[in-house]
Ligand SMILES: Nc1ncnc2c1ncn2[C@@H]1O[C@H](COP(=O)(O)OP(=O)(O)O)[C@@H](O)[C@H]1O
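The chain below stands alone and is given in structure tokens; this is the form predicted alone.
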């Protein structure tokens, strides 16, 4: 039976919850944040259903309090208000869902069952690694749109396997972040992670860079390992793999098939234990049909498949992404010098609803990368604490 901790100051909420959730779920009731934390010190529930405004603390502090502890607890935040900033705060704290009260019984049951089903099917790894992985996913692959929920589900499902993965998607959608997150959640997380931009490797250097070389193999050549060997025991991320020329595709195919590399200037094969994740922003299927990309290499790479969603397909995530980018720029001290001179410090900013509406109306050809640039420009243009539509410069 699933264990649920309900934290709310309103006795009526607890009475309704007992009628609604029992006997299918085991329910523990707490009326203050202090009671909830004491309960959590005794036993960890499977799910916390928590009001954000408690008599003694912000309910989201409970989520923050357990974020770095072992295990995985689903968290549903509830509140009388559904404004953008409160929702953003809840997601930032780690909430899986946000419900605005008064909630219909069916909505609560559906949300509870969804969170618990996901917890059962795709549990997070245990210990500090779990908390770190969760925070990284929320920050770097943030969003509660169905597209992003599905993406994170795929990442967690594929992380434990050594199978090769092909990530497709438009430029600026975070394919490199998906690869890094996959590595971070995998049993190889303590091993090396190497990212190689295949489109930037000159053909003359491809073999030595990828597979290594022996001294004297070519002019000024020294004995050295390549990326495949360097990533042994870890992950090798082949970004823009669709840009490889046909001759280089053949050489890559051979290494993938044999799981061995041969240094340039040598005949001795070297076994490698390297997981391969490849990515491309090209229409790889059209390239295979046209003969530009080898079908045998495609099928070798396309064992497991992930497509990163474009920003125009997940516009409901824009408010959260804006918040995350603002936080990133403040942490990196990217602030307006004039604002600093006038106030002595950088004013904390937020995006007003009109600014968010303007952003939501854009087509986003540059995806997340374009949004990040726009947020940074707005940070310099706005000297107060409110980013309005007049500060949004779209391409």
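All values derive from a computational prediction rather than experimental measurement. Positions refer to the first chain, counted from 1. If you superpose the two forms and keep the largest set of C-alpha atoms that fall within 1.5 Å, you have the rigid core.
Keep in mind the form predicted together with this ligand is missing from the figure; the text below concerns it.
- Listed residues 172, 226, 319, 184 were compared with this ligand in the model of the complex; 172 is the one with a heavy atom within 4.5 Å.
- Interface residue among 368, 326, 30, 355, judged by heavy atoms within 4.5 Å of this ligand in the model of the complex: 368.
- Remark: of stretches 251-259, 73-81, 264-272, 141-149, the one touching this ligand in the model of the complex is 141-149 (heavy atom within 4.5 Å).
- Looking at residue 177, you'd find a heavy atom of it within 4.5 angstroms of this ligand in the model of the complex.
- In the model of the complex, residue 18 stays away from this ligand, with no heavy atom inside 4.5 Å.
- Remark: residue 314 counts among the residues lining this ligand in the model of the complex, judged by a heavy atom distance of 4.5 Å or less.
- In the model of the complex, this ligand stays beyond 4.5 Å of every heavy atom belonging to residue 377.
- Superposition on the rigid core between this form and the one not shown places the CA atom of residue 385 less than 2 Å from its counterpart.
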